[in-house]
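Quick heads-up: it's one chain on its own, the form predicted on its own, in structure tokens.
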């Protein structure tokens, strides 16, 4: 899920950071440039781990700042295909689920990746919002229905990670552009709300 990536970057060190030790000043500027940003095919930058080398320090004519080439390591979030991750439900609508890890929210579970059969129940006074219910055993069965609530941790398996191209225009009334999107599934044993499987273990113990 998390990786160390070695990067080389040339940056301009703003004058207001010159009172700091050089490595600390460069690390501060690198955080401004990279943290919470997505690098295509690399992932979401979480933290500057360390600085490996510093070169340069040139001041170009007409510029009051010095320029450095820095080799450093970033901690990046980039889940692999097939990885199982625990998240929380951020939204539920007729299109499926949107999940959140707290620091990353663009995780989607489409309808065809929910347990089969599942049905969507619209909540009162909640336009296009509701909750998904797994009809375990089918609608005619007396088996317990399993709810997907927004309060419980949920396990999903990563199916795809994409890095969409930045659109030239953003149409009105559309979702904000997401530079990294994860698609997942909860349609396998052990996936879905953690409470489902805890309850199943309790029932097995009693039997």
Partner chain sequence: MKIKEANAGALTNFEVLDFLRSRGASKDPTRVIVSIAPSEFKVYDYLMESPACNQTKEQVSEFLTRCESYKLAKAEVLNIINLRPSQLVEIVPIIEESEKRFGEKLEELVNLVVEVLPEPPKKAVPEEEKEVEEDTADGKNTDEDKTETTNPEQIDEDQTEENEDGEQMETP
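Since this is a predicted model, take the numbers as computed values, not measurements. Numbering follows the first chain given and starts at 1.
We do not show the form predicted in complex with the partner chain, though everything after this point is about it.
Enquirer: So which stretch, 177-185, 160-168, 43-51, 60-68, is the one near the partner chain in the model of the complex (non-hydrogen atoms, 4.5 Å)?
Expert: Of the stretches listed, the one contacting the partner is 43-51.
Enquirer: Answer yes or no: in the model of the complex, does the partner chain come within 4.5 Å of a heavy atom in every one of 1, 5 and 78?
Expert: Result yes, every residue of the spot touches the partner chain.
Enquirer: Is there a non-hydrogen atom of residue 83 within 4.5 angstroms of a non-hydrogen atom of the partner chain in the model of the complex?
Expert: Yes, contact at 4.5 Å.
Enquirer: Should residue 198 be classed as touching the partner chain in the model of the complex when contacts are defined as heavy atoms within 4.5 Å?
Expert: Yes, contact at 4.5 Å.
Enquirer: Examine residue 98 and determine whether its closest non-hydrogen atom to the partner chain in the model of the complex is within 4.5 angstroms.
Expert: The answer is no: residue 98 has no heavy atom within 4.5 Å of the partner chain.
Enquirer: State yes or no: in the model of the complex, is some non-hydrogen atom of residue 35 no more than 4.5 angstroms from a non-hydrogen atom of the partner chain?
Expert: Although the partner chain is absent here, residue 35 would touch it in the model of the complex, with heavy atoms inside 4.5 Å.
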